[in-house]
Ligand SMILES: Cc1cc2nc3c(=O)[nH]c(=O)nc-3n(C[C@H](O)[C@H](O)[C@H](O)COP(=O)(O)OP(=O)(O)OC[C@H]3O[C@@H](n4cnc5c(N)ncnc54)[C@H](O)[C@@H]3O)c2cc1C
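Below, in structure tokens: the form predicted on its own, a single chain.
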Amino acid sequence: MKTSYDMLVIGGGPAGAMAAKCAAEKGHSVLLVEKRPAIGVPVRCAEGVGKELLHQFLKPDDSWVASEIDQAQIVAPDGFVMNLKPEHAGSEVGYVLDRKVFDRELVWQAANAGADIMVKTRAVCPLTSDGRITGATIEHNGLKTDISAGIVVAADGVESKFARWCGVNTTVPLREMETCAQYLMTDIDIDPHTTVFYTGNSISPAGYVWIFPKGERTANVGIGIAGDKSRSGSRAKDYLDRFVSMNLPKGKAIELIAGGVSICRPLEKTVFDGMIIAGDAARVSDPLTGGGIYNALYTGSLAAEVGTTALSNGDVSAKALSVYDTTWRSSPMGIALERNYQIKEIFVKLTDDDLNAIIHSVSDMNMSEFNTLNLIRNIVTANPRLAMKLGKAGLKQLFDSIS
């Protein structure tokens, strides 16, 4: 067994697979380790991604595109439905993927590029030298092996154990960890090309319910609620079961998954001597929507680009790797993360009456002028009571988030 690589990637999700693929394509030796016995399972994702965003990295393939989405609907707590066409819905239209196939395809591409792959293999502790991370001890079939690496990419998901073992504070406040449950349901009446989002504190406190079609009469039906709202009898699955019973009573659930999604700000620092943190491990899932596929692909690709340059230059210090941190933070993705965090912090405090008023007023907008700034202006103008509730500080926060 080979025990020395240019790059060790921990985690076989989109961030890790993209990092391994891109680094291997540049001629570097790469080992990717995944703790689960199979890539892509269990699925812990609603599986939606924007078309334009995905096209930056991959050409869609029928084998892993479950459904193509043309429009989105937002349902207010009072049942009012607002329709968003593709030109206004942004990343909420695009593709619903089959992540079981999609993730495996990414790892196959990494393997075809020359990366070594090990599944059912855990990184159990970091290797260090003079304060620099130099690899990891991995465990496979009960046997532990030290793997040295010029650089380590920690892409081990929201749990992010490896970064924590390296001394990084990866704690997510309870209120900023969405607890989620999702059924794959069949035999339900849906528009196979429309995603639907249900809002309201009574059905999903500080979160929302989603229906993401995966073909005719089949969809991911899921929910996310704030972690501090979860308690006995009012957990994510309890809310989801009540929603399904009321709205999709004849549907058949053929799969259930549960998990958590961070809706906090990203880690304050995502590079260290000998290590880059990417994807959900870096807390780059969208704080407003919880979406993270594109962000994982982007940070994984960027980690490979910066990491391989550092390897070629013989300098993998945090200073040399800092271009990774500054690049993603100043990118459209990084700017959107901060904006959406600010908006999320305001929206999670709204009552159902507030949400009703906002959705009704936005539906009356002139959609030829639809953009984030005009959206916020419309909300404030049409809802003076909400403006008073937010106060000067809240309004400034809202407008600063889109400036």
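Since we're looking at a predicted model, the values are computed, not measured. Residue positions are given as counts along the sequence shown, with the first one as 1.
The next section is about a form of this same protein that is not shown, the form predicted together with the named molecule.
Although the partner is absent from this view, I69 stays clear of the named molecule in the predicted complex, with no non-hydrogen atom inside 4.5 angstroms. In the predicted complex, the named molecule sits within 4.5 Å of a heavy atom of A155. Contact annotation: R36 falls within 4.5 Å of the named molecule in the predicted complex, judged by heavy atom distances. At the 4.5 Å threshold, heavy atoms of E159 reach the named molecule in the predicted complex. Per the 4.5 Å heavy atom criterion, the named molecule in the predicted complex is contacted by stretch 117 to 125, the sole one of 142 to 150, 71 to 79, 117 to 125, 302 to 310. This chain lacks the partner; the member of G251, G259, P192, P266 within 4.5 angstroms of the named molecule in the predicted complex by a non-hydrogen atom is G259. When contacts are defined as a non-hydrogen atom within 4.5 Å, all of G13, R99 and F212 contact the named molecule in the predicted complex. Contact residues in stretch 29 to 68 (any heavy atom within 4.5 Å of the named molecule, taken in the predicted complex) are V33, E34, K35, R36, R44, C45, A46, E47, G48.
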